[in-house]
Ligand SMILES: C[S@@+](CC[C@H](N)C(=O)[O-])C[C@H]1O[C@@H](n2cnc3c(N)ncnc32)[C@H](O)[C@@H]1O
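A lone chain, given as structure tokens: the form predicted on its own.
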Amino acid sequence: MHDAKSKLTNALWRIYNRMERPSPWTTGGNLPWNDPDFSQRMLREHLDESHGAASRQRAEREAQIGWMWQKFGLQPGHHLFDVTCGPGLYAVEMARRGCRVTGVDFGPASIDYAKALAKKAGVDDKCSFVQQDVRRMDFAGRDFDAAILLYGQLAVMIRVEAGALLAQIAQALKPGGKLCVELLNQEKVDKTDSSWWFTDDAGLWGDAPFLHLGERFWDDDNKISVERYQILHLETGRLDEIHLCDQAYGVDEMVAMMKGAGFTAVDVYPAWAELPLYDADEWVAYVARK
């Protein structure tokens, strides 16, 4: 107990002496997606239908899937590439409609769940799921008919990596293949600094009592939001510090980036073309054709 109290004291002093404003990407700027324990806790958030913080709720996913099916011109037998597929909630539904699907994600628990979900739905023969960092993947020449990269995942990597990933996807598509990318609308991004805190004994950060201290900063020069989370585990005194960076893109910049990656045309749909999403106005959907 004395050791835990000492660690708690040290952790509080570390928080007190923290850098006033963290620099973007200094700690990698992302969540520990591939950590097995974190991945399992994140999976719970993906599957929690009471909120859309990790994955959108079912009705919203169904609206997006129907819209993308039409925009892509998909047919049974076509091959879809789901980049950052998570627990397969989009991929398996596309497979139920007749597509073959290849999904890639960094989270081991999500990949395991996606495989089980496909089997339960009777479409495991149409689905292939790979656990891998999408920044390290190579599916060039696979001739996918379409690809999806949803819920702002392109924004959690630096611009160079984002451009390289778009090029990788272009190389994986057949001529005329299409990619849908969902990104926050730069004009609607919250550009104010803020802080918040809460306590809990279960959730994304652990399954024992913890104190979460959160801060958010906007870097206007680079158009990046940086969130710094200090998670103090009360029983042990361990302090985790996690930074999450979110690169914002203007529409013109993203269109140019997609064309530079090998796409010949890009259609832009602010607010997801008015789909019934609770936060549709905050997002832009891009559909690029190779």
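Residue numbers here begin at 1 and follow the sequence given. On a predicted model such as this, the values are computed, not experimentally measured, just so you know.
Omitted from view is the form predicted together with the named molecule, to which the following refers.
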(request) Quick one: from Tyr90, Phe81, Phe129, Phe210, grab the residue that has a heavy atom within 4.5 Å of the named molecule in the predicted bound form. (result) Tyr90
(request) Identify which of Arg135, Lys191, Lys120, Lys174 has a heavy atom within 4.5 Å of the named molecule in the predicted bound form; exactly one of them does. (result) Arg135
(request) Using the partner position in the predicted bound form, report whether Met157 sits within 4.5 Å of the named molecule, counting heavy atoms only. (result) yes
(message) I'd like to know if Gln247 sits close to the named molecule in the predicted bound form, meaning any non-hydrogen atom pair within 4.5 angstroms.
(response) no
(request) Spell out, yes or no, whether the shortest heavy atom distance between Phe217 and the named molecule in the predicted bound form is within 4.5 Å. (result) no
(message) Taking the named molecule as it sits in the predicted bound form, is Gln168 near enough to touch it, meaning that at least one heavy atom pair lies within 4.5 angstroms?
(response) no
(message) What I'd like checked is whether Phe139, Lys178 and Gly262 together line the named molecule in the predicted bound form, meaning each has a non-hydrogen atom within 4.5 Å of it.
(response) no
(request) Go through 66-74, 30-38, 251-259, 219-227 and give me the stretch that gets within 4.5 Å of the named molecule in the predicted bound form, heavy atoms only. (result) 30-38
(request) For the stretch 44-71, return the residues whose heavy atoms include at least one within 4.5 Å of the named molecule in the predicted bound form, in the order they occur. (result) His46, Ala54, Ser55
